[in-house]
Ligand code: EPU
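Form predicted on its own, single chain, as structure tokens, below.
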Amino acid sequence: MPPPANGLTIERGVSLRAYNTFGLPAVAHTLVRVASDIDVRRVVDHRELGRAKKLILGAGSNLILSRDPLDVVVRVEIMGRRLVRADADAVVVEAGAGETWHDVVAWALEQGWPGLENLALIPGTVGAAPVQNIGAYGVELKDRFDSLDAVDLVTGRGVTLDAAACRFGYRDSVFKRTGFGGLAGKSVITRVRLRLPRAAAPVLGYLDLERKVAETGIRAPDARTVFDWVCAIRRSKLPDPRELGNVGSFFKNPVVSAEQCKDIIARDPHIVHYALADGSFKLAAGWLIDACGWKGKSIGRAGVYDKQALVLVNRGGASGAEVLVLARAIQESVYGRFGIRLEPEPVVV
């Protein structure tokens, strides 16, 4: 490893296979690790790195590497957890962007601060959570979000953004957008603060959790019970990336109008669907893929997980190109049968 330059440790020719949960082969021509806001500012001020395009990397749990990235890879390793304040109606906690998301969920619960339990076992880091507006089992990050700190990669200035500034959408935020006003590749999230209501009722509206209620007879589970249920459900459906490479859910659940949903139900009455507050319906992408016969199938060394059709996996030595060929074949198949275009969740490089 070369000696630090300008306070930074810069590495060359780094394999990224261990830095993406799909286990895809790629090499970063330049990788720099940042452990603080000051490190990010050093990157901005660096004569070589400052003007180069950047690929921000956490755990690589929402990333498909189809080639060696041309950008400088900025590996975010900012740690730390703390209670910011405790109000009568909520507590606000803060975590460094490099912290593992699930560890923070478990830590908050251990401190007696529930509210994140539905988001247990989602892979990735805290800094990636607002980028994707992660969500599961009826709760999204935006429902528990307070604010975040970031460093502008052009000016080096620190900024604090609230929920409105983050422009959260379904698996979307300003940090994924590249057009006017978008912040993709333009800033590094350094810390995230979460607001956890003291009187939050358990969110049990998803089918899998309703089944747990029916199986156990527990009608009003506490946060620890919901946490345990969510962990058990996810482990039963999703492979451990350390054993079978994947990025979790590969496609977003499509949202359709009430008329579209009614038409699909008329043809396929068993389709899994959820009513949304605005009158539209969210369809289960995994059900659509399974209905098209993809569960357990493979193209090359990339495949569809045999327990959950929404998850694509690396069966051993898969390339990013093979993953994309499989994903496109699934998209075409679902569109051909249902007239619905599935949108991938992960970022493709």
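Just count from 1 along the sequence shown to find any residue number. Quick caveat, the model's predicted, so the values are computed rather than measured. Whichever C-alpha set is largest while still superposing within 1.5 Å between the two forms counts as the rigid core.
The same protein also exists as the form predicted together with the ligand; that form is not shown, yet it is the one meant from here on.
You can rule out all but one of 157-165, 101-109, 249-257, 197-205: in the predicted complex, only 249-257 has residues with a heavy atom within 4.5 Å of the ligand. For the candidate spot formed by Y19, G60 and S319, no residue has a non-hydrogen atom within 4.5 angstroms of the ligand in the predicted complex.
The shortest heavy atom separation between G286 and the ligand in the predicted complex is within 4.5 Å. Looking at Y137, you'd find a heavy atom of it within 4.5 angstroms of the ligand in the predicted complex. At a distance threshold of 4.5 angstroms between non-hydrogen atoms, D290 is in contact with the ligand in the predicted complex. Put simply, R235 is far from the ligand in the predicted complex: not one heavy atom of it is within 4.5 Å. Checked against the ligand in the predicted complex, the candidates I64, A26, L310, V43 yield a single residue with a heavy atom inside 4.5 Å, and that residue is L310. Just one of I265, V272, A220, A275 comes within 4.5 Å of the ligand in the predicted complex, counting any heavy atom, and that one is V272. The partner is not shown here, but in the predicted complex the stretch 312-349 reaches within 4.5 angstroms of the ligand through a heavy atom at E345 alone. A displacement of less than 2 angstroms separates the C-alpha positions of R242 between the shown form and the other one, with the rigid core held in common.
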